[in-house]
Every structure is written in structure tokens, then in C-alpha cells.
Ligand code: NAP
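In C-alpha cells, the next block holds one chain alone, the form predicted alone.
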């Protein structure tokens, strides 16, 4: 029997995990909420690099890796691709399409965190939607700025930082209210794609606000790449992996 190792941590991955039976494994880094209502086995934590992942694949008789991690989880994707090649098993990946700027958008591309900070210098009330990374820089906030940082879980802020623990999807109206409450004058974002967090871009567009967009990392190629969960699940059902699915309903 071929076992599937699903690498996740995203809403897309959770949709796939809900269709996997008890023989298969859903792996999470453990930064967010760990689901407790799945039929498949849930594993939390790192593997210990490529060698650790290779050993796990062998010990658990994994026959297929499905990478549904975040588009910015590049290291995990590289490790999965390398380990799959070493163990001669297939590596499939969900490759969510990036957002594309519209004619009214004012996007400023940034290569890394220092580049973002430099671009933000003229602004007073940036809204950070990068996840946890800005939390390590709370003591570096310029005295002319107040940061609003939205990440999955609440954390203490300070006099110049408001931390909001929240999970998408976010509606247009809730984003408008957030922008109003925090006096947002610039948005910092990853180009994650998908609809769950896209509303912030629409509100920035409405208000003529710039968006500092962190460049996507380059991801390794996969034997099969899918643009959405539906096509990936269809492929699992259609092929020799169809035993993996315990619930045929959408």
C-alpha cells in the first residue's frame, strides 16, 4: 500500500488532509493551530533536514510526497524535492498562482526584510501581513512609525506595535475596518495568491495605498504540479493513489 506524506500548514493543505485516510500522514511545522478532527495521522515538527526527511520516508514506507506548503516555505519544498529524488519516489506540488497587479495598484517589490524596512521609511502606519517575521524586530521600529502586525496567533506588542492574531479568510468590510482603526498608510505582504487574504489588496487599491510585496522564492520543480486543490485531489482519485481518499464528497 502506498502511503502519502502531505506537507502542509495552509488552508489548501487542510482541504487535502480532510480527504486522506488513516494510513497517510499530514505533516505540520507546528506554528499554527493543529487540527484534531482529521482521519489521517497528524505529525508536528521538523524532520531534521534532507537526511532526516529521507530517514522518515524510509521508516514510514512513504510512496508519494504531496507538497502543499505555503509558497514562501521554500526550504521545506527544496528538502522534499531532494529527499524524494534520493528515495526514488514521486514529488507532487500544489503551486498556487501569485496575485497579479491591476492597473490601479501601486506595488513596490522587495527582495528581503531590510529592503522592506527601507521602502517603508516614508510611512507612519504600516500593516504587516508577513506572518511572524516582524515580531523579531519590535525593538527596531523607528520612532516615527507604529506597526500593525497580523499573524496567526496573538503576541504581546509594545508602545509602537499592535499585534493582531487572526486567520483568513478576511472580508472586504473587515479589512476596511482594520485599515480605518490602524490608520494604515502602506501594506506589507507576501505574494501568496489565493482568495483568503486578497481583500487587503483590494482595500489598498480602493484607497490608493502602496503595497510592499515580498518577492516569491524560487521553488524546485515537481513531477506533477497543480494550480489548486481540486485538480490535485482529482489526480489522486484518478490514479493509483485513489485508496487515499475516504470521503468522496466535495
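Numbering follows the first chain given and starts at 1. Treat the numbers as computed from the prediction; the structure is a model and nothing was measured.
From this point on, the text means the form predicted in complex with the ligand, which you will not see here.
Heavy atoms within 4.5 Å of the ligand in the predicted complex are found in exactly one of 37-45, 220-228, 180-188, 197-205, that being 37-45. Exactly one listed residue, out of 75, 100, 144, 171, brings a non-hydrogen atom to within 4.5 Å of the ligand in the predicted complex: 75. In the predicted complex, the ligand lies farther than 4.5 Å from every heavy atom of residue 62. The closest non-hydrogen atom of residue 79 lies within 4.5 Å of the ligand in the predicted complex. The shortest heavy atom separation between residue 130 and the ligand in the predicted complex is within 4.5 Å. The closest non-hydrogen atom of residue 29 lies within 4.5 Å of the ligand in the predicted complex.
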